[in-house]
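In the block that follows, a single chain appears as structure tokens, in the form predicted on its own.
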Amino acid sequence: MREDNLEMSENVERYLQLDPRSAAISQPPSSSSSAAAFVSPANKSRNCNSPCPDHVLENVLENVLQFLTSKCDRNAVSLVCKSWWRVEAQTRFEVFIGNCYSLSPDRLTHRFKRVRSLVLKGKPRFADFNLMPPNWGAQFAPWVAATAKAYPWLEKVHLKRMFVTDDDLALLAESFPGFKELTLVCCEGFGTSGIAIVANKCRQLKVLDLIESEVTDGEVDWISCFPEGETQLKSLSFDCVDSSINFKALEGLVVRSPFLEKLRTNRFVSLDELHRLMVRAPQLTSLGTGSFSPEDVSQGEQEPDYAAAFRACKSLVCLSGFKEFTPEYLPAISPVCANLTSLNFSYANISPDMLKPIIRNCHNIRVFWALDSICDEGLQAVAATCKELRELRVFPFDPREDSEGPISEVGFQAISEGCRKLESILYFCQRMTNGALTAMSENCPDLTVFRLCIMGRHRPDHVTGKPMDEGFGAIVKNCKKLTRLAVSGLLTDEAFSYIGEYGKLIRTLTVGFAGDSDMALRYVLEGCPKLQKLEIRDSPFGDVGLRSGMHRYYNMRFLWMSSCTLSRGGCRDVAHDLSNVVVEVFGSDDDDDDDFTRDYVETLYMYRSLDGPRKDAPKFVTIL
């Protein structure tokens, strides 16, 4: 799954909690002190007309803070004193909230008065794997209602894993006359009817990106709803919309959008239609090809010159799509390969023989996504050519645990040897070795993200039969910039002791089917001071391990544990001892007559919140 690059959470809720009255700062001497007796009348007059020193400082500070863009720096500024806290709020125009239940919309609008951009996340990431029950929550409705009143000048909304309705989108479109950017990532609840309203009402719209969201077909020709005349569109992505579109209207929209740089179409756009769009918009820098399969050509008709259309797009650097591609047309992209910095084949069942003629020309590729159908041979070709590669993701074509995966440690090690500048990797495979992980850690020490999913539970080093402890230990020892880690395979508590000892910068840790005992969890919670997000499933961690992190939970965004060995009583004790931390449990059967089953917690989701438990919890969620 595409992941948002907003990993550096600014922890807005922590700074919203600060009461300016409690900030300790020495005040200047009062003008009513005895020193006032030595001031001449003339000087007194000038003193009365002079601005307060605090106001002068705030005016200067406000001008300075307008140039401060780093989230971490702004957070630090807001904690200095009450004056800085106030000025920082006045100059903050962008707000990022990593958990929509960490604070209320009212607290947001009370703290920040000039927000123009809002980034809001809802469900935790494990919702992508169907581990979150339907209708759990993360409603956008209260947020759009609050911001509509407080921020009529709002220009940008970016939502991830939120439940958004057509009514929400209608209110957004009607409330913000200068609205410019809407991005919905992994969202649900809305359809083409809501998108049509946004397209029609937001006359200054520059970005409309629908990414991996569930969009229902409202049988509305939403493309035709964009206003006539020249548009300001820079980015339009609708590859997740699984319904046909009015191509004539799309073509007209592209023609009327001279600033369009990014266009990602869905599978209902054929290769012939893509050719027409490219001819109309040679200025594109990012293109999602849709199906990449041509329509049936009538006898006697000549096919368009697809390669010429790609050759004319001299600014094209990002290429994706290929959802239903026809292999013999793949060489048509060859003219742009030398300029590409990002190539996404994650929907295309491409063989090594198809990949190699393409990838040998992609010397500037920095981001490459593909299915494991490219095999170890394809990865070796990538390693031989893509020396500038920074991010690699390899997804499984067949996600079943017992499938025979076509990639292994061979392709993995080839990447480590050929792509020494690698910073991020997500790798699904069926077998791996400690030696390959050690080689990766030594060859690619700049890794900040390392996610290895060995499909199949508790699989050891397939050569030696030993646990994968030493391989993951090498990763955390040698990759000193690591901030995100996902572990898998046969792992004992020793692997987690390495993580606790060396993973001092890790902010996100994902664990599945790993560990021996609660000590593994304790190593992590006591040893990783930067930890923000901890995701655990199907591991032998219980109440003792949970309590070992009592000192950490206030500083973490969330903890997720499913199919572990937690009890309701243990979770209740944690909830009792930690105020401002919400403990949700769900998935267990309260009506079961068996005492053990009734006390067993299937899923724990724990997060900090400044405003206490949410009010919209469904019946299957118990807040302890």
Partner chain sequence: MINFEATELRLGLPGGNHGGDMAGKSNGKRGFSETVDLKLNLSSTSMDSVTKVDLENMKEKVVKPPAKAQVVGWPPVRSFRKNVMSGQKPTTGEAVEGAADKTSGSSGDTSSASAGAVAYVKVSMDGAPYLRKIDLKLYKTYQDLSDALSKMFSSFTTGNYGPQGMKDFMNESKLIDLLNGSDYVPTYEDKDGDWMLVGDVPWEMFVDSCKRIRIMKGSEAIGLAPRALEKCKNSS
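Quantities reported herein were computed from a predicted structural model and do not represent experimental measurements. Positions refer to the first chain, counted from 1.
Omitted from view is the form predicted in complex with the partner chain, to which the following refers.
Trainee: Please determine whether each residue of Phe112, Val119 and Leu253 possesses a non-hydrogen atom within 4.5 angstroms of the partner chain in the predicted complex.
Mentor: The answer is no: none of the three residues contacts the partner (heavy atom, 4.5 Å cut-off).
Trainee: The chain here is shown without the partner chain. Which stretch in 347-355, 498-506, 77-85, 308-316 comes within 4.5 angstroms of it in the predicted complex, by heavy atom distance?
Mentor: Heavy atoms within 4.5 Å of the partner chain in the predicted complex occur in 347-355.
Trainee: Is there a heavy atom of Ile333 lying 4.5 Å or less from a heavy atom of the partner chain in the predicted complex?
Mentor: No, no contact at 4.5 Å.
Trainee: Is Glu602 close to the partner chain in the predicted complex, meaning a heavy atom pair under 4.5 Å apart or at it?
Mentor: Residue-level check for Glu602: yes, a contact with the partner chain.
Trainee: Examine Ser563 and determine whether its closest non-hydrogen atom to the partner chain in the predicted complex is within 4.5 angstroms.
Mentor: Within the cut-off, so yes.
Trainee: With heavy atoms only and a cut-off of 4.5 Å, decide whether Pro540 touches the partner chain in the predicted complex.
Mentor: Contact check for Pro540: yes, within 4.5 Å of the partner chain in the predicted complex.
Trainee: Among the candidate residues Gly378, Gly98, Gly471, Gly515, which is the single one with a non-hydrogen atom no more than 4.5 Å from the partner chain in the predicted complex?
Mentor: Of Gly378, Gly98, Gly471, Gly515, the residue with a heavy atom within 4.5 Å of the partner chain in the predicted complex is Gly515.
Trainee: Taking the partner chain in the predicted complex as the reference, which of Glu404, Glu228, Glu328, Glu219 has a non-hydrogen atom within 4.5 Å?
Mentor: Looking at the other structure, the residue within range turns out to be Glu404.
Trainee: Given a 4.5 Å distance limit between heavy atoms, list every residue of 124-159 close to the partner chain in the predicted complex, or none if there are none.
Mentor: Result: Asp128, Phe129, Asn130, Leu131.
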